[in-house]
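Next comes just one chain, in structure tokens: the form predicted alone.
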């Protein structure tokens, strides 16, 4: 069911458009959804990233953003609609969340690259 959604998503979100492809929109939206881009914390492709290292009570600590390119659509949707430490609240629509997932989903990227070759 999840893969059927990904196949139909571009048509649901955009209908037919020659201006920008669904993947181009998703890429740009990932880089600036509401002022602070997802890639700043989660990495260019959702691979996760170290945000900061610091000392707390004499112990070395780190603050990292998790990898988000390998989770299911339902887990991704849930993560974006629940409060997380350090995560800004964006109040994204279902279509915006689907666009971000489209950009990050590894199987979609493999299909896209296979079509180029």
Ligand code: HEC
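Here the structure is a predicted model, which means the values were calculated and not measured. Residue numbers count along the first chain shown, from 1.
This protein has a second form, the form predicted in complex with the named molecule, left out of what is shown; the following refers to that one.
Though the partner is left out of this view, residue 52 does not reach within 4.5 Å of the named molecule in the predicted bound form, counting heavy atoms only. Contact check for residue 48: no non-hydrogen atom falls within 4.5 Å of the named molecule in the predicted bound form. At the 4.5 Å threshold, heavy atoms of residue 64 reach the named molecule in the predicted bound form. Proximity of residue 84 to the named molecule in the predicted bound form: non-hydrogen atoms within 4.5 Å are present. Contact residues in stretch 32-65 (any heavy atom within 4.5 Å of the named molecule, taken in the predicted bound form) are 33, 36, 37, 38, 41, 42, 51, 63, 64, 65.
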